[in-house]
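Just the one chain here, laid out as structure tokens, in the form predicted on its own.
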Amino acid sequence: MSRVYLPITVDHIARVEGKGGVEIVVGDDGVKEVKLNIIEGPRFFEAITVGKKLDEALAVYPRICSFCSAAHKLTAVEAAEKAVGFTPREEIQALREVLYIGDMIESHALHLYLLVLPDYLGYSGPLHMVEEYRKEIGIALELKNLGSWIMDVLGSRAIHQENAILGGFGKLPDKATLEEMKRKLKEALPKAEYTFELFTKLEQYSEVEGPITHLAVKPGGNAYGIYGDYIKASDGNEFPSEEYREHIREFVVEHSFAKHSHYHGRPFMVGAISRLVNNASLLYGKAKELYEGHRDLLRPTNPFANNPAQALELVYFTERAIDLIEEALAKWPVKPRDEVEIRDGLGVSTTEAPRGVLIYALKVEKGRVSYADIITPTAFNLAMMEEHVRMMAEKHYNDDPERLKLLAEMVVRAYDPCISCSVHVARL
């Protein structure tokens, strides 16, 4: 009769947003059970906003998270505009995408340099790296601060942006500020390229190599991007955003306040590597050149490829923001907002948050939110993430437990989870 040992546990996964742990139960004949214990308290943002006036609800949604508040705000605004039948002008859409890119740059820089890199360099955290890796910490802060400044300029503040509103923006910066933004982005491009070259040198652990189904938003235009009305899967399938519940099922697991998700009955992944798997043909500029030269490292079969994929996106989105600003400046002066007639309707928005596909479904009746459903990238990723922790544990359960704990945490950090975002409660 096999004997079951006490579980190997990580009570709090370090260097991720939110509160979560890992529990690995090992017996004489191998790994018995692996759990990602998401113990962040339940969030009731959908329920909180039901019954509120639409503009009041849109002010609540970015409070879900400070890491990706612009993603939440802009996705919620698009869902609301779809619900009432409004389409913003192209120049407004371009500037909103720049605001979203600010979130992408800040989040990717923070994740890669301050959360992931210490693992590879043998440090417990970024503060211990400062003396020996001053250049890398400096680049991290410069990129992070650039993203934060972009959100401050276009969103009115670096977190919980209020300036993106129904119909456009409350106000827009002057032309000189946008020109300054373009200049700063051009200055940041070499730092983004350095980041990519750095992260192509880091190990991708073969223990977790295997087939992964990847989902990403299919961009609405001809460029790799953030917005789109279809979800595309690496199995060749694609479907309209409004049909997300016909293909993706959320379900409760007993060890987590966050639900797990399956696509056609199986775990799946979203995020930077999933965007590349599905949409790399839409890359352009320096990012396309780098992608073509490093395709072997950006493989779809390993979650650790998400790290260099994010680094490649730093290059791409820096270039993309420059182009979008030029597009808006070509139409300057830009009227910040158009009037929106509030009508009844249901709107579904799918965008690419830094961590992957973000879905908002909002129903508007008599000017108020009557239904809300929000599914975040981490809620999509949890089942696949747990499977990859299991794969790592099955290879290392006989190792020093501290080594296994570190490797398990590194798997989780490769996904760049945002745990607070993932914990939502909605009756559907």
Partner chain sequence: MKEKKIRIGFYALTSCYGCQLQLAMMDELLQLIPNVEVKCWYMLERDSSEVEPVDIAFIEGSVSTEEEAELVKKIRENAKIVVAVGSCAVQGGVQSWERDKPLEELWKTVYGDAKVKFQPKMAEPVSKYIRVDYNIYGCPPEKRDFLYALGTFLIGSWPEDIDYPVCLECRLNGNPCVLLERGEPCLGPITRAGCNARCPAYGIACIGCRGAIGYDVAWFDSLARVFREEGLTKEEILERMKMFNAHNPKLEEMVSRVFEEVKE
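The structure displayed is predicted, hence computed values, not measured ones. Positions refer to the first chain, counted from 1.
Note that the form predicted in complex with the partner chain isn't included here; everything after this is about it.
Student: Checking a candidate spot here: are 90, 331 and 350 all in contact with the partner chain in the model of the complex (at least one heavy atom each within 4.5 Å)?
Tutor: None of them does, since no heavy atom lies within 4.5 Å of the partner.
Student: Using heavy atoms and a 4.5 Å limit, would one call residue 45 a contact residue for the partner chain in the model of the complex?
Tutor: Judged by the heavy-atom cut-off of 4.5 Å, residue 45 is in contact with the partner chain in the model of the complex.
Student: Given that the partner chain is not shown alongside this chain, does residue 365 nevertheless sit within 4.5 Å of it in the model of the complex, heavy atom to heavy atom?
Tutor: Residue 365 lies outside the contact set for the partner chain.
Student: Taking heavy atoms only, is residue 170 within 4.5 angstroms of the partner chain in the model of the complex?
Tutor: Close contact exists here: in the model of the complex, residue 170 approaches the partner chain to within 4.5 Å, heavy atoms only.
Student: With a cut-off of 4.5 Å between heavy atoms, is residue 16 one of the residues that contacts the partner chain in the model of the complex?
Tutor: Residue-level check for residue 16: yes, a contact with the partner chain.
Student: With the partner chain left out of view, which of 65, 393, 382, 375 would have a heavy atom within 4.5 Å of it in the model of the complex?
Tutor: Going through each option in turn, the one that passes is 65.
Student: Under a 4.5 angstroms heavy atom criterion, identify the one residue in 81, 319, 152, 193 near the partner chain in the model of the complex.
Tutor: By the 4.5 Å heavy-atom cutoff, the listed residue in contact is 152.
Student: Which of these stretches, 217 to 225, 82 to 90, 194 to 202, 155 to 163, has heavy atoms within 4.5 Å of the partner chain in the model of the complex?
Tutor: Going through the listed ranges, the match is 155 to 163.
Student: For the stretch 229 to 266, which residues lie within 4.5 Å of the partner chain in the model of the complex by non-hydrogen atom distance?
Tutor: Those in contact are 252, 253, 254, 255, 256, 257, 259.
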